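Next up: a single chain in structure tokens, the form predicted alone.
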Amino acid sequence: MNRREIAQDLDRKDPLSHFKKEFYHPENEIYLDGNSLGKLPLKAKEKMTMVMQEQWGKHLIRSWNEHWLDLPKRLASKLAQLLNAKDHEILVGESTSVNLYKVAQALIQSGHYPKQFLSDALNFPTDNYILEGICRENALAKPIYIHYSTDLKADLNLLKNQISAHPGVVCLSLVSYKSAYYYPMKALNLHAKENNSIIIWDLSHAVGAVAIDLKETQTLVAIGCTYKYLNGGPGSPAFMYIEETLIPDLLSPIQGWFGHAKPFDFSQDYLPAAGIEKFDAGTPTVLSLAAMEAGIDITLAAGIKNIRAKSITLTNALIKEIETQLTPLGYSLESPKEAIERGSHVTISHHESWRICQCLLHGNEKRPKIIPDFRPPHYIRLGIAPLYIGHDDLWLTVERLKEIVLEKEYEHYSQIRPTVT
């Protein structure tokens, strides 16, 4: 068999292949940007129609008691199952940034840890914006940023040494948004504990594609979004995890309506809820919450260990193709080669990365449109969402990347970039 026949045969044998039909797919398109925004589950569309027409349209205010008040807790329970946490340790709502603000501020104010933030150059930039803002509010020293010799992976010895030298509240992305570098979660949690520190893990580029066990890794705090590999929809609500023994010692910096112990008593005095619900703030975003449930259900049905296994198989195969087919044409691999150090996207680079991305977006009757994403200065990220991506998709992508460079097709496109890339 040739390379494509091998890819197609692997897809036929894939035990998760039937989950692809659970999503909406535009014709003649390969979507490799699920690490930025996941696809639309068909059941989400059905659920949204029902919620709007029946619950909102017909039942109106009655739907709060009948359906909506319990919705965040139901979703928290499903995320707890996915992450091996307890239901009362997960809170669903707000954005990742807001949740990071609340929990980071609470940790700094708790008195349990030195008032020093640490992060690194691989962390998602907006997380560091949040930390800097908290420092200004509290007249604290600026966060300590750890810089490595490469964007490919963290220097774990340097990271551990910095935590030892500057104990406090550490914020790291479990999977780096640039290279997909996957941190050794448990080892770093244990090191932080030994050095009077705590790590807030941002799971946004991992959850739904990487098997995360919050208990086994002894994780105390985590945040994450649901619109990437969990396919929750654009801007779908984020989540927060706080280990149960830590919850009583933390106070939310935002004393919001739904964080009150009895919000519908409308008391003039604020009494925080006893559990993680104290970190609730405003009214739940019902439509967004309803839409995101379908994606979580599909993930649970497929099994996160099965999803992770397929992710490793696909990314290993793609990296082999990159090394044999693309590296001789000027492409470089920017993700770790070892699966244990890699999440579910593969990053490559080329001196014409931006214009190559524009070429990929233009399909025709002979070739599919391919949607990757671009990150400055020269990274092409190929997001491998195992629920709807297969080996043949990756074979077609590699062949297209070869063609673009061999024919210098990129010369027909502009260097100017739009706001969203």
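What you are looking at is a predicted structure, and each value in this text was computed from that prediction instead of being measured. A residue's number is simply how far along the shown sequence it sits, counting from 1.
Not on display, but discussed next: the form predicted together with a small molecule.
Novice: May I ask you to choose, among 204, 252, 315, 197, the residue with a heavy atom within 4.5 Å of the small molecule in the predicted bound form?
Specialist: Checking each option against the small molecule in the predicted bound form, the one that comes within 4.5 Å is 204.
Novice: Which one of 227, 181, 331, 101 is close to the small molecule in the predicted bound form, taking close to mean a heavy atom within 4.5 Å?
Specialist: Spelling it out, the residue with a heavy atom inside the cut-off is 227.
Novice: Taking heavy atoms only, is residue 97 within 4.5 angstroms of the small molecule in the predicted bound form?
Specialist: Yes, contact at 4.5 Å.
Novice: Taking 4.5 angstroms as the cut-off for heavy atoms, does residue 126 touch the small molecule in the predicted bound form?
Specialist: Yes, residue 126 lies within 4.5 Å of the small molecule in the predicted bound form.
Novice: Residue-level contact is defined here as any heavy atom of the residue lying within 4.5 Å of the small molecule in the predicted bound form; does residue 173 satisfy this criterion?
Specialist: The answer is yes: residue 173 has a heavy atom within 4.5 Å of the small molecule.
Novice: If contact means any heavy atom within 4.5 Å, which of 317-325, 261-269, 227-235, 80-88 contacts the small molecule in the predicted bound form?
Specialist: The contacting stretch is 227-235.
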